[in-house]
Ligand SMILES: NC(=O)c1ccc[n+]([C@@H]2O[C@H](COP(=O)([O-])OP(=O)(O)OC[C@H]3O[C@@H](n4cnc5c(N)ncnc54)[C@H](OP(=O)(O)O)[C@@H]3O)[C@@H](O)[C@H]2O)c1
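First, one chain by itself in structure tokens, the form predicted alone.
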């Protein structure tokens, strides 16, 4: 059946890690609205159940799985299970991540550093590696969307560990974009700016931060998870069929002001 538009994802299947809340849920929502069947990974069963119920209202198939992406074996098993449930997948959103908190660099702890690297960097590596095996075996191409951060390319004072992981996933995405291009698998990154999610909850209530940082955002507000619905659909769809290895900044203009 012919699709109504190049943004129609009917008949496609997507896996979104960290998909039960925040930017991941925003992307998953966009994909579901465009007609994709969606698999959500997360670590909070209640949030996964809520997200599943919300996305199911758009008419597609929605499945969930509780996965700690820092666990290599768990990721391998979950990729196999997800591919079995959906019958494979066409889009992968590598989004799962945690924050490191805000601390002076000299006061930052090795424990926090290791924890953030395990989830944000190791988790992305394990997920993309195992999912790529499925995409390559299918032989039908696909789209991978990696959530990096503006912190990967701008100085992130008091948040170096988190920024390091996001620079790492950017390099991971670019390397895979080159390697998998011949197989029709596109890999692109999204770099969010200041987005109102659970990760930034403390900053949202900090009046000084709002006055000095958010006031500099040309569009005049915090970003929201809903602001990532469109980019997910675009990168997953035929509209971006000649786009790979790109980094799309979504920050309300913050980085150019």
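Numbering follows the first chain given and starts at 1. All values reported here derive from a predicted model rather than from experimental measurement.
What comes next is about the form predicted in complex with the named molecule, which does not appear here.
With the partner removed from view, the residue among 43, 216, 221, 61 that has a non-hydrogen atom within 4.5 Å of the named molecule in the model of the complex turns out to be 43. With the partner removed from view, the residue among 55, 39, 69, 34 that has a non-hydrogen atom within 4.5 Å of the named molecule in the model of the complex turns out to be 69. Shown alone here, residue 9 lies farther than 4.5 Å from the named molecule in the model of the complex, counting heavy atoms only. In the model of the complex, the named molecule stays beyond 4.5 Å of every heavy atom belonging to residue 186. Contact annotation: residue 143 falls outside 4.5 Å of the named molecule in the model of the complex, judged by heavy atom distances.
Interface membership of residue 89, defined by any non-hydrogen atom within 4.5 Å of the named molecule in the model of the complex, is ruled out. Of the candidate stretches 101 to 109, 129 to 137, 171 to 179, 148 to 156, only 148 to 156 has residues whose heavy atoms lie within 4.5 Å of the named molecule in the model of the complex.
Residues from 85 to 102 that approach the named molecule in the model of the complex with a non-hydrogen atom closer than or equal to 4.5 Å are 95, 96, 97, 98, in the order they occur in the chain.
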